[in-house]
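Have a look below at one chain only, the form predicted on its own, in structure tokens format.
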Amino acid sequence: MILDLHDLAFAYDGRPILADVRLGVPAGEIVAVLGPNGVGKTTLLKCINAILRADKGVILVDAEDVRRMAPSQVAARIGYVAQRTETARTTVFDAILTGRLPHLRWRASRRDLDLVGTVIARLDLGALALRFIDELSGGELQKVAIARALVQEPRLLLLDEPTSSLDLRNQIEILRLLRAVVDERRVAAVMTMHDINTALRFADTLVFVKAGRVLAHVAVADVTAALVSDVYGVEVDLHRVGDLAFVVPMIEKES
């Protein structure tokens, strides 16, 4: 397993947010974390990344305890994309280059610069490379944040609603890229999402969180309408077309 969680718990000011969370993510797998608002999805990512310190439990990345790592060691292993990225008066190229900081010694090497250039090209950010990031749209800024995480060359990618500010075309582009990176580099990815149908299309397994606990961790093929209804409190139908599954809420028309 690249990521291995055991009995993770976290509370804000004594109020339990997460309890007894267990999760294993192997190489080459994308896990989508789903559930209603406020159940602890973002908190879970922050605990894994040591942004928040879990009250109890074990967090292992490649069998090493994240809670005992220095921040630079965490950054070398885990790439994190938050829901919102802070802006600054720096160029897109330089902002993405900061993703190499955990690996730099004295200055950026030719390999560092080439890697940034490759990721910029792959995300179609070439036209923005010399623009300042405080001039970008929300969707463009999100792509920069994802690019910065990719150039870290992490073993584990954590993405908090990575497509929330992107249009449909860019959502598909980013998720296809994430799928390719996970497959090619044999890394692992955990992403929180609200769109269950997008998760069913691009993830390998789904983790459903309810009331701070993992209610189910299932392969996409094993998701049922009853499970989705239980998590969200909404009656749904689940339809399959070939290998694809689609969740459709059962909403009666008002008379």
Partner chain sequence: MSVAGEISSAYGAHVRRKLVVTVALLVATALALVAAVALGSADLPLSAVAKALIGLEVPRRVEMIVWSIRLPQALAAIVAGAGLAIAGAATQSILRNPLASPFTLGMSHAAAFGAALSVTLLGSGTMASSSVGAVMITSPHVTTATAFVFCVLAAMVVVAVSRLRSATPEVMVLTGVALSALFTAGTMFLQYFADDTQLAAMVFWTFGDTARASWRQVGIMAAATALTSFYFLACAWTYNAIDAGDETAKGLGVRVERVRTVGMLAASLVTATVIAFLGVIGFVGLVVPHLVRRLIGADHRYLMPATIVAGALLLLVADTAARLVFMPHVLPVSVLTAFVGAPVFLWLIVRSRR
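Residue numbers count along the first chain shown, from 1. All values derive from a computational prediction rather than experimental measurement.
Keep in mind the form predicted together with the partner chain is missing from the figure; the text below concerns it.
Engineer: Of 161, 94, 173, 153, which residue is found within 4.5 angstroms of the partner chain in the model of the complex when only non-hydrogen atoms are counted?
Structural biologist: It is 94.
Engineer: Here the chain is shown alone; which of 129, 136, 166, 182 has a heavy atom within 4.5 Å of the partner chain in the model of the complex?
Structural biologist: Of 129, 136, 166, 182, the residue with a heavy atom within 4.5 Å of the partner chain in the model of the complex is 129.
Engineer: Is there any non-hydrogen atom of residue 75 lying within 4.5 Å of the partner chain in the model of the complex?
Structural biologist: Residue 75: yes, in contact with the partner chain in the model of the complex.
Engineer: I'd like to know whether residue 82 contacts the partner chain in the model of the complex, with contact meaning heavy atoms within 4.5 angstroms.
Structural biologist: Residue 82: yes, in contact with the partner chain in the model of the complex.
Engineer: Can residue 205 be called a contact residue for the partner chain in the model of the complex at 4.5 Å between heavy atoms?
Structural biologist: It does not: once the partner chain is placed as it appears in the model of the complex, residue 205 has no heavy atom within 4.5 Å of it.
Engineer: If you check in the model of the complex, is residue 49 within 4.5 Å of the partner chain, heavy atoms only?
Structural biologist: Within the cut-off, so yes.
Engineer: Are all three of 20, 27 and 62 close to the partner chain in the model of the complex, meaning a heavy atom of each within 4.5 Å?
Structural biologist: Checked in the model of the complex: no contact with the partner chain for any of the three.
Engineer: Counting only heavy atoms, which residues in 89-104 are within 4.5 Å of the partner chain in the model of the complex?
Structural biologist: The stretch touches the partner through 89, 90, 91, 93, 94, 97, 98, 99, 101, 102, 104.
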